[in-house]
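Below, in structure tokens: the form predicted alone, a single chain.
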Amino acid sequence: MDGGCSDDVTVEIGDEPHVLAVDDNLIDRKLVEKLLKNSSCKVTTAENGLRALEYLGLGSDKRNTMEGTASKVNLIITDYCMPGMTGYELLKKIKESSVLREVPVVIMSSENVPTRISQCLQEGAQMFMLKPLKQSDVKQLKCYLMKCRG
């Protein structure tokens, strides 16, 4: 890794916030990645919830420790509708983790379903955004990251 990681999740001004983007749709994943990179974010992508959990150290293989990984990610943005594990289930797993529960999670969906939105927000999602994401959405995320993590 780059060796310059601090132990907490704080983003200093000048540092690139690190975002984990989770979406099973390649085009949506690439769009989110491009928008985040345009806003000077470091981006790691995962094609499903299980891959995201593995990256975060919460996968079924518990041998990898969570210590190093938790400090690597400042925000997780995930699609709601994915095969295998929904974004809502991923959110619940993250919020159950003592190491990762403080990391903000944003849920995206192409469907505007009020009950789904409120369910995600009650479970601890920071925001619920409608797809396709726009640059203005990402600016809002970046602004939130710099304000709330600084």
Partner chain sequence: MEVVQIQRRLVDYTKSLFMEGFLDGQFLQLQQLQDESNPDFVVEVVSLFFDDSEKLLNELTIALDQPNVDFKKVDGHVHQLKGSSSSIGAQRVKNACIAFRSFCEGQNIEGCLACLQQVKQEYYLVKNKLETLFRLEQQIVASGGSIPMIEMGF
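Computed from a prediction, not measured in an experiment: that's the story for all the values here. Residue numbers count along the first chain shown, from 1.
Keep in mind the form predicted together with the partner chain is missing from the figure; the text below concerns it.
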| remark: Contact with the partner chain in the model of the complex, heavy atom within 4.5 Å, among Leu35, Ile107, Leu90, Leu56 goes to Leu35
| note | Residue within 4.5 Å of the partner chain in the model of the complex by heavy atom, from Glu47, Glu102, Glu111, Glu123, is Glu111
| Hey, in the model of the complex, is Met127 touching the partner chain, heavy atoms inside 4.5 Å? | no
| said: Is Leu31 part of the interface with the partner chain in the model of the complex - any heavy atom within 4.5 Å? | reply: yes
| message | Using a 4.5 angstroms cut-off on non-hydrogen atoms, would Gln140 count as touching the partner chain in the model of the complex? | response | no
| Might Asp15 be said to contact the partner chain in the model of the complex, defining contact as any heavy atom within 4.5 Å? | no
| Across 78-92, which residues bring a heavy atom to within 4.5 Å of the partner chain in the model of the complex? | Cys81
